[in-house]
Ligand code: GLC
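In structure tokens, one chain follows: the form predicted on its own.
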């Protein structure tokens, strides 16, 4: 099958979160199973993309309201991604610092609507003129949510009306809401179909995708159930469309995330030398962050936003010190300016117990997975979660809130076959209770080391996860 993925992110070209990791791995594993899978993203001004050689494969003008815009499609050359990566180059729209957020203001770009409308139109303009049309167009999140609508409703894309479309919801928190009158920016369609764009009086890109896609997937079964309970107004729509919705748990790229070969690590290690290998990486982290090696090290990696539960961390850090719990905490990530200020303040106050790096740092992230004893994920919302899978691959114990994909992939240590720590309520009391349990477990080193053996034998690879997607694609082409 010929499968085209359309996304706002793809690792290593452009990454803001887990979406990039999925889109950067799934196509590779689809290709290994004998399919032809490629990816289309905007051409951002990222360090990785700036270093790549590209070849222009298509140039044209796209319709936008009463006017037109120029764009080109470029293919990335000389890469080892395992799939073809295409870049939509729209002068003045994506050739700037930042993916979604303006690094100068810390807020979303003012022209988000124009950027992502024109990106989706460009992708379809290129696809529709190809001699061999795709057998599946797989869209990811609201940034591409209008594509199923345009494929099925816009006169300009009549050739794609019978092409199956899939929409994966990686994060229902963001929906792409705009004033309804912006429908006139899209290529012409029968205005009697405008209801497919309308949700609550606004043009809602995610809602349009849910209505029009042939199949809607979420990145875990647990997250699908949660979205049907609450999705900022879309829960009723998802309940109505539940017959075409399915939760498919993500995998991780076990070649990229392999402690034996990871080029970022201070010390590589295998299952056989896991104890000494993790110790060497922990020594590096403790030296780098002035932390005490003998204490259990808890780490947080991710966006410093409410959704990830990052606002609970300052309270937790203060309470840990107040109660004299023998542990260290470190944080890596960027996000809300107020949280940056608080973490800087705490780093100065709790030297030797807590430290933070308020930046995006892929190398350091890998070292933290390898050198930490525990990974904290106190998420309010976690559709699938990849960090806990990376952590377990590197022998680090997940300490997570039982939500979404976290509840689907982590079994509490108190249960038969358990290997991690879960807590139910998003509260300081519950977080302290689970951290205290984890510290107590760390002090039982025989059991702790035995659990390390179990963690590193778990399989969260894309090998099986990709087969689930293939079965779905094949069913769509049979129907």
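Since the structure is predicted, the reported quantities are computational estimates derived from the model, not experimental observations. Positions refer to the first chain, counted from 1.
What comes next is about the form predicted in complex with this ligand, which does not appear here.
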Fill in the blank from the handout: Exactly one of 366, 308, 211, 282 comes within 4.5 Å of this ligand in the predicted bound form through a heavy atom, and that residue is 308
Practice task
Identify, from the list 385, 378, 371, 148, the residue with a heavy atom within 4.5 Å of this ligand in the predicted bound form.
Solution key: 385
Completion exercise
Among 73-81, 166-174, 333-341, 314-322, the stretch whose residues bring a heavy atom within 4.5 Å of this ligand in the predicted bound form is 166-174
Problem - Proximity of residue 219 to this ligand in the predicted bound form, heavy atoms at 4.5 Å - result: yes
Practice task
Using a 4.5 Å heavy atom cut-off, state whether residue 14 contacts this ligand in the predicted bound form.
Solution key: no
Practice task
Considering only heavy atoms, tell me if residue 22 and this ligand come within 4.5 Å of each other in the predicted bound form.
Solution key: yes
Exercise for the section: Examine residue 328 and determine whether its closest non-hydrogen atom to this ligand in the predicted bound form is within 4.5 angstroms. Expected result: no
